[in-house]
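Let's start with one chain on its own, the form predicted alone, as structure tokens.
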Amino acid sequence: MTIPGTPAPLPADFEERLQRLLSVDQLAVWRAAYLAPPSAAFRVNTLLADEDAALAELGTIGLQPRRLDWPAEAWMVDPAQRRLLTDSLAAREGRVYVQSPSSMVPVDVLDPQPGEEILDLAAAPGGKTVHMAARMGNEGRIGAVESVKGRFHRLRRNLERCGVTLADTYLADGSGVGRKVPERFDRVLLDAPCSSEGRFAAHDPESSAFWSLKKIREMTRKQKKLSISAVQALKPGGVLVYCTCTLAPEENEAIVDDLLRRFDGALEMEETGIPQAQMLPGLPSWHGRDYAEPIRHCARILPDGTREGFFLARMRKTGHTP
């Protein structure tokens, strides 16, 4: 079965899953977003500029940003002006950070505070690390971990360009961090590597070219290890945000469900605070597997032409874990 309106065939297995995952109306929204041109969103990096000054600077080159209703820090320009935005001096020098609005949401949900110690467990390319540092006013500490050498060096360049001074960077496998520094961090962000279904776009055929059921299985193995490490590294009373840019329940609800069962009694789901109109609650089941009732507190953001597809879960650690 082929989704009407797509300019080129998508993987048949993906199409079948998408039709099971979404209603007819939701599928229409997804299809429109898939066909839309790339959006041009950004936030002002308050480590280097205040909002009024950065917006005025963009205005001098002909950009007319408009604020999104959500998330609050997100601004947009016309998609036709995306290149003008990305090539601007403000973007090159880090005063504005070009970023999907959905990618701003995890930091909003995590709510890092000045003076806290935060773990960013899969940090590259660094957009969320920069965002956390700005929220914290460069007060406190962020441990930013990345396992891939090329991405690690990109992370470091990004943090330096954007004025981040509170982050220590580590080229390391994040799955071992929880054992090395157990129960150390006030908050943990795990933006897990995933199959990237939320970023599929007709204008970028490469975005879906490497998707497969095998890749989903490969990603879930990595996600399980990283998520266990994240819980181990978190202090009792601390907050973990787990997120991906995929729609696949195996990489989303199933991972969170595994954590709730593995750390039974030591983790509690919390509301994400995402506007109800912008998200779907966590699925109660998928492929014959029933998930724990608290999974409904998870949030799935559907692509809409402005925001990419995303999944988020906010958990609080209520007791010690091995």
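Here the structure is a predicted model, which is why all the values come from computation and not from measurement. Quick note: we count residues from 1 along the sequence shown, nothing fancier.
There is another form of the same protein, the form predicted together with S-adenosylmethionine; it is not shown, and what comes next is about it.
Figure note: of the listed segments 87 to 95, 188 to 196, 109 to 117, 205 to 213, the one touching S-adenosylmethionine in the model of the complex, with heavy atoms no more than 4.5 Å away, is 188 to 196. Proximity to S-adenosylmethionine in the model of the complex, taken as a non-hydrogen atom within 4.5 angstroms, holds for one residue of I142, A233, V105, L121, which is L121.
Interface residue among T169, S147, S100, T220 relative to S-adenosylmethionine in the model of the complex, by the heavy atom within 4.5 Å criterion: S147.
Heavy atoms of G163 never reach within 4.5 Å of S-adenosylmethionine in the model of the complex, leaving it off the interface. Although the partner is absent here, P71 sits far enough away that none of its heavy atoms falls within 4.5 Å of S-adenosylmethionine in the model of the complex. Taking the partner from the other structure, S-adenosylmethionine in the model of the complex has a heavy atom within 4.5 Å of a heavy atom of G126. When contacts are judged by a 4.5 Å heavy atom cut-off, G178 does not count as touching S-adenosylmethionine in the model of the complex.
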